[in-house]
Structures are given as C-alpha cells and as structure tokens.
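Single chain ahead, by itself, as structure tokens, in the form predicted on its own.
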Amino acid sequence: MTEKRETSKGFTKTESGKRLTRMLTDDYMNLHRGAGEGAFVVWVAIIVPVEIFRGFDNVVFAVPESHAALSAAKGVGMLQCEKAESSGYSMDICSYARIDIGTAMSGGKDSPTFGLPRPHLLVSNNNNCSLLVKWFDVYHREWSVPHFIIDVPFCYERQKDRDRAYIVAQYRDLIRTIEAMTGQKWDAGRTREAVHNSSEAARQYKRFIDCAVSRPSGITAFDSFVQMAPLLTSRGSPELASHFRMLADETEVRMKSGLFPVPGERYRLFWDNIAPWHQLRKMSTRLADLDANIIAASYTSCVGSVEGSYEFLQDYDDGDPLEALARMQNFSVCPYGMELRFEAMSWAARHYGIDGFVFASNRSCKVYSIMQMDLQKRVAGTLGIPSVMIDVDHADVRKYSEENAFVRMEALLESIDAVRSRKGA
C-alpha cells in the first residue's frame, strides 16, 4: 500500500486526513444546499441523536459546537468571540457559545463554512453542557425559533431502565414535533439503518483510537481529536463508517511499517478535557520534541462508551432504534459523577499504559473541569501516577499561555522520571 505523507515530528498529514477534509467540506456544502432548497433545518447539541432526523425525507441538521471547534482550529475563534463580546456577551461565557453567537450575529462573516443556515428548530439537552440550554435560548428569543429541550438524568451509575424509558418518551415527543412542523412522516426503518451506520462507525473509530495501546503509540490524541469532527457532521451515514474503517486500516499499516508519530516515545500521557483546538499542531509537535505523546483523552470517548470506562457499548442488535439511542445518552464524560469518572480514568491508565495525566482546567467548560482537583488527588493517592493541572480554554487562545502550560508539563515529565527512578525502571 502506497501512501502520500506530509510529516513533521508529532504530526502526520495522511490520505485519511485529506479524506476527512473532503468529508467535512461536503457535509457543510450539503447542509447549505439542503437549506437553500427548502429543507427543514435543525440545530442540535452534540449529544442529541441526529439519527432521528435521518428518518425524515427532508430534514438537515447543524451542530454549532462542531462549527465553533472548526472555527477555533482555523484561527478565527478569537475574532468571532470578540464580535459576541462587543454585543454585550461576557468573556466568562463558553468560547464555543461566543464563537457561535458572534458568527450568527454577523451573518456568517469570517466563518470557514460561511456560517450555518438559520434553523427552523433548536434541540438541546442538559446532560452534557450546563450552558447549552441558555445558549440556544438566545436564538429562541432573537429569532422566535422553537426550542425543544431533552431532559436527561445525571449519571451516578449504569443507566436505569426507567431513565431510558423517560428519554425514549421525549424522543417520541421530538418526532411528533417535527412531523407537525414539517408535514413529513418519520420512518423508523431509516433511523434504524442510521443507528447501524453509527454503531459500525463507532466500532471502527475504536479500532483507530486503540492504536494508542501499542508502544510506541500509533497515534496521538491530537489525531483522534481531529477525527472526531465527522462523528457530529456525518453521524448516521454509511460514509462515516467507511471513513473510519479506512482510517483504522491505514493507521495499522503505518504501524506495521514502523511509522509512529513519536518514534522515541518515553512518556505516555493522558489528556482530561476538551481538545485545545487552537493548539493542535503546536502542542503535538512540541511534546514530540520532548519524546512525550498525549496518546489518549477522556474527550475522545464521547461516541458510545460504557459508564465507568472508555470501552464502547455493544454493537447495535437491530432492536428499537430509539432505545439504542437513549442508551447512549450517558456516553459522554460530563454526565458522570465522581465515581464513574475515576473508574473510567483508572481503566484508561491500565488499558493504555499511562505514565502521567494532564488535567486541562478549562475556562470555558466548568462542568467538565469542576471535579478535576478531586480526580487529581485520587489519581495520585490511588493509582500513584503523576499528574499536572494546566489552564486552557478550548477555543479562545487569549485564555491560554503556551509557556506556562509547558513549564508545568515539563515538570510532569520530571515527576515521571522520578517515579521511574524510585522503582528502578
């Protein structure tokens, strides 16, 4: 297999990366095209199951959080934040929300995707982000767009049957709402097919992120951060499963050929929080120069993992698609209580052979960050694994200091060396 590669230490541009760019371009072009041709447009939070919308003939969906992450990665996050701030929105609000509001209020100006087409319906939930309901309410007020809110119970243990039934009932209300607003009839078979596609895509994506188990790791967490994008924009499509199958195949071939992003890997690190979108290449490359690799992250488990680990749910068994989608409402880290988050982190430490944890205290995501100090203490006291806390903002570069972050991460590497020295490693 011959593969064209553009490489710098810690960062590799492969055919799968180029294919990803084409997929995202097509997703946004098809979204705008569909809206222009009269499709019913829904804006959704990232955990809302878009497979439901694929059961309709002429419904398209947009994910403002994904668009905000792309904007930050493309270097226009701060610009869009400043637009929102000039309209009176505080810098303390999540940078995703500020980017999205700044983009929307300027008619899509400076957006890498020309913004998002205006929605006919907003669908949020409260199990992933405490701000999202208020954020979407901005558009509900400004544009008089209906806002459907999915209420999901917080997760202190495995999902209960009664909680799942409660979520399914809300899905059925959402379906009836769209049917009434569009005059279209929902097709359960088409949603079932979309759930099959998503399940297969998650299975192949897991193959890809598990390339981090090898020594040295076949990937960096930054690779998996980038590859998360179509999990939102293409979810439920056969193209998504195909992309991840080829991605996993390509990565395994590179590993067999002895091609690794950090070939001299001495430090295997784990990242806890959302990706630092404005720092992907820079942080990856600088860590690689230290023979360090952030090989995995809690954030990349947000595609169907079991509570208390980053293992994935079983493949879809062709049952009720709404039941399957409701079961996955707890697959994100943010709805977990302390015990489940620590169990998941302990699992990751064993599974990936982690030498140190990087807790990224995120100025924009309080719900993700609020337990980190307690988690850090438990990691040290129970697992005996060194860790460090750094300050970040996932999309606003003004709230991040590269030098401060690396002073702390270099101190973490020294702590790992000290632990090894005590153990005689």
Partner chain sequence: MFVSKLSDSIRQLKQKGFRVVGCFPLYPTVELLHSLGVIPIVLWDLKDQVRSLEESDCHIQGFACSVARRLAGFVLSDEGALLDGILMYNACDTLRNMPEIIQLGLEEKGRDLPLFRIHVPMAPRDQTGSDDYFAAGIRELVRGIESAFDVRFSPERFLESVKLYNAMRSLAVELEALAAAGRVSYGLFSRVIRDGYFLPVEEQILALEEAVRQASSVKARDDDGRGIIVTGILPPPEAVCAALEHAGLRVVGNDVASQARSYGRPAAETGDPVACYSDFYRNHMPCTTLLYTSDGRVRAIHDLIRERNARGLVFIGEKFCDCEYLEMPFIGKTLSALDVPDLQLEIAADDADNVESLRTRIEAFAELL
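Positions refer to the first chain, counted from 1. Owing to the predicted nature of the structure, the values given are computational and were not obtained by experimental measurement.
Below: the form predicted in complex with its partner chain, not depicted.
**Student:** Quick check on this chain: which one of E157, D318, D315, D289 has a heavy atom within 4.5 Å of its partner chain in the predicted complex?
**Tutor:** None of the other options qualify; the answer is E157.
**Student:** Since exactly one of S234, T113, N127, N197 fits, which has a heavy atom within 4.5 Å of its partner chain in the predicted complex?
**Tutor:** The residue in contact is N127.
**Student:** For I385, is any heavy atom within 4.5 Å of its partner chain in the predicted complex, or not?
**Tutor:** Flag for I385 set to no.
**Student:** Might R363 be said to contact its partner chain in the predicted complex, defining contact as any heavy atom within 4.5 Å?
**Tutor:** Yes, R363 is a contact residue.
**Student:** Can you check whether S90 is within 4.5 Å of its partner chain in the predicted complex, heavy atom basis?
**Tutor:** Yes, contact at 4.5 Å.
**Student:** Would I101 count as a contact of its partner chain in the predicted complex, using a 4.5 angstroms cut-off between non-hydrogen atoms?
**Tutor:** I101: yes, in contact with its partner chain in the predicted complex.
**Student:** Among 129-137, 281-289, 203-211, 185-193, which stretch has residues whose heavy atoms lie within 4.5 Å of its partner chain in the predicted complex?
**Tutor:** Result for this chain: 129-137.
**Student:** In the predicted complex, does every one of A35, F61 and A326 come within 4.5 Å of its partner chain, counting any heavy atom?
**Tutor:** So, no: the whole triplet misses its partner chain.
**Student:** Heavy atom within 4.5 Å of its partner chain in the predicted complex: which residues of 170-196 meet that condition, in order?
**Tutor:** Q170, D173, in sequence order.
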